[in-house]
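Next up is one chain by itself, shown in structure tokens, the form predicted on its own.
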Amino acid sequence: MKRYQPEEILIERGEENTPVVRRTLDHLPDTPVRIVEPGWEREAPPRDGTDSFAAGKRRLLFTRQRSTFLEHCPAGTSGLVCCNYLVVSLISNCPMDCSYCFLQEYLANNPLLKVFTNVEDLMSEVAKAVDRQPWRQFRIGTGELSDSLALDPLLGFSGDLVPFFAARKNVLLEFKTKSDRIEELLKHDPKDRVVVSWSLTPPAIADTEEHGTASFAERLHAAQRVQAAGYKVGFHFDPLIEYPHWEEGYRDTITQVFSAVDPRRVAWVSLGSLRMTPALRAIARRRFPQTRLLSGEQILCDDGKWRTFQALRVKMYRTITAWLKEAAPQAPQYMCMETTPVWEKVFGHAPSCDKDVARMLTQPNLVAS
């Protein structure tokens, strides 16, 4: 996987000596650096060019998060089954550039790659939330607005987060990634409280639609290494992509994954259909005119997003969940952003509430490392 190299580093005044800034400057001594005033990006004129979103990724801004870090996952939309997942974001935008990524629309007006320097505020906020409810099991992820690990060799956030979460028995931290940047993780003991999960598509899709990511083989090798180091691993087949010969592609992918890792040490596997708003479809068509994602059978759903035609996506879910059950019978499976009727068609039942899904994913189900 290619190393991220920004064209310019922007540091908000007052943040110059924060640990994450110092670590990054040590790794990028030759990159131009500019000190900017707080709020600078709101008044900065857009750069010329036909793809301002891609240009924004090449400018790395260090700033403070002035809002709260801990939020409920926005995928918990009314009418869809929710897994009660919480998210924290230390980074906004991603060095990778998947053709289906929702950030193209969500961050279209603010595409700088931002890093929030006040990680201590994040940990304080999380501690207040989880320590006062020791009876409740939490799942918290860092991969909502960026890849969790792609920039870790520069930023080193895993060195802050792994020891913090490893010390708490009622919360699981999830790093969600398409990278192979796991070297920093290997320096720490997760104490069974950290899940490293990979988003996977068959190599034929990863190679053409997931630009700047680690290859399928690189992701798999990284999963083997972190599992051997004591981390739980997870896998997200999300989005599922319908393409010619998808059955062979996904069957082979699943076979390779569970031949490489110990299926008894897989924390969870999720599935989700390709889903795009009309605006995101237009952006993807403009930025990636060669994409094959928009050529399948898709319909506009009640939540305003285009999805694979229901009969076809139920067929895909049923086919792939059966293969997963065969390969990793102990690994809990769930779907992201799907309706109760689809759950019932795929699994034969639907959770009665979001706590059912959360309980399934946090109960001890793995053999010891």
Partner chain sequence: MWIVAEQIAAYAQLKRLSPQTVARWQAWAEPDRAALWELVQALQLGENHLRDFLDWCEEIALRDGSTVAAFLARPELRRPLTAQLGRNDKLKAVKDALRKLRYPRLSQLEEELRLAVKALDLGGRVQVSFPPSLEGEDVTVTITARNTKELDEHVTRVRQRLEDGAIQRLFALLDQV
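Positions refer to the first chain, counted from 1. Bear in mind that the values here come from a model prediction, so they are computed numbers and not experimental data.
What follows is about the form predicted together with the partner chain, which we do not show.
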Practice task
Work out which of the listed stretches, 323 to 331, 337 to 345, 57 to 65, 24 to 32, brings a heavy atom within 4.5 angstroms of the partner chain in the model of the complex.
Solution key: 337 to 345
Practice task
Establish, in the model of the complex, whether Glu297, Cys301 and Arg313 all lie within 4.5 Å of the partner chain, using non-hydrogen atoms for the distance.
Solution key: yes
Problem - Heavy atom of Arg136 within 4.5 Å of the partner chain in the model of the complex - result: no
Handout entry: Distance check, Ser270 to the partner chain in the model of the complex, heavy atom within 4.5 Å
Key = no
Exercise for the section: Classify Arg285 as contacting or not contacting the partner chain in the model of the complex by the rule of any non-hydrogen atom within 4.5 angstroms, answering yes or no. Expected result: yes
Practice task
Examine Lys191 and determine whether its closest non-hydrogen atom to the partner chain in the model of the complex is within 4.5 angstroms.
Solution key: no
Handout entry: Contact residue in the model of the complex, chosen from Arg265, His211, Arg225, Arg281 - any heavy atom within 4.5 Å of the partner chain
Key = Arg281
Problem - Within 4.5 Å of the partner chain in the model of the complex: residues from 117 to 133 (heavy atom criterion) - result: none
